[in-house]
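Consider the single chain below, provided in structure tokens and representing the form predicted alone.
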């Protein structure tokens, strides 16, 4: 494999910096899903931790390194999950955390950021406008900016999931990964292509937020004017060139799925696995639903990446 920005030795070392509460999350085969999907499905459950998403793996690395350096302040933009995770990790290390988010982000995510003690600033726009504002704050205040996916700590923290998948039994032949900014996909993809190159790495994104997938297909950055999806956690418009370069080296495919398939995936995870998940976490199931022939009689793993969802909206979607 050609070299990405990530380093497998650093990823192994990352496990020593990350609070064990985020590590070795459950991985299990969900037989109840198989009759409807036509394939064996195992779930990697990244919601079984204090921030209910995989993001804590990366923010633990960021906060640990900042504390070692004597830094006291950090800022990030977030669609909700990164902000919660950074607030949790920073609180335990005495960091002053500022999170910039869209005021249209799910209220449950915003409330949790406040509860965890971070200063929350809201912008009248989407996630990419929040990114611009966070960068302005970092420049003005001279503090560390954590930019998800561009920041290697976020990618290599997420990549520790890949180490856990490599050790998984029984054998599997594909992993379905939600694709947004790219930290999860490039991190897990790097480890799999380095240590289990026979496993197919398939990234999944909503049709209503296709920028990174279109960029992967064209092998150059493609931006979009807007997004239209319930999967707010992956709804970016401006892919980061360095992250795309990494993705091109580790992803075997990138697919787009419809909103109705995402909702159906959420409902299936509730009905057959007892899991309440946010839309981004159902993208893998949505991909199987839209292309059953591709996955027929295979064993796939889907990473359930987040469970922070506005319950009123969730009940509307899954009713």
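Since the structure is predicted, the reported quantities are computational estimates derived from the model, not experimental observations. Residue numbers count along the first chain shown, from 1.
FYI, the form predicted in complex with another copy of the chain isn't displayed, but the following is about it.
Novice: Looking at 263, 276, 255, 40 here, can you tell me which has any non-hydrogen atom within 4.5 angstroms of another copy of the chain in the model of the complex?
Specialist: Comparing distances to another copy of the chain in the model of the complex, the residue within 4.5 Å is 276.
Novice: For the interface check, one of 65 to 73, 31 to 39, 247 to 255, 290 to 298 should have non-hydrogen atoms within 4.5 Å of another copy of the chain in the model of the complex; which one?
Specialist: Of the options given, it is 31 to 39.
Novice: 48, 112 and 270: each with a heavy atom within 4.5 Å of another copy of the chain in the model of the complex?
Specialist: The answer is yes: all three residues contact the partner (heavy atom, 4.5 Å cut-off).
Novice: According to a 4.5 angstroms non-hydrogen atom cut-off, is residue 13 in contact with another copy of the chain in the model of the complex?
Specialist: Taking the distances in the model of the complex, the answer for residue 13 is no, it never comes within 4.5 Å of another copy of the chain.
Novice: Taking another copy of the chain as it sits in the model of the complex, is residue 17 near enough to touch it, meaning that at least one heavy atom pair lies within 4.5 angstroms?
Specialist: Heavy-atom contact with another copy of the chain at 4.5 Å: absent for residue 17.
Novice: Even though the partner isn't displayed, in the model of the complex is residue 119 close enough to another copy of the chain, meaning a heavy atom within 4.5 Å?
Specialist: No, no contact at 4.5 Å.
Novice: Residue 93: heavy atom within 4.5 Å of another copy of the chain in the model of the complex?
Specialist: No - in the model of the complex, heavy atoms of residue 93 and another copy of the chain never come within 4.5 Å of each other.
Novice: Of 299 to 316, which residues get within 4.5 Å of another copy of the chain in the model of the complex if you count heavy atoms?
Specialist: If the 4.5 Å heavy-atom criterion is applied to another copy of the chain in the model of the complex, 299 to 316 yields 311, 315.
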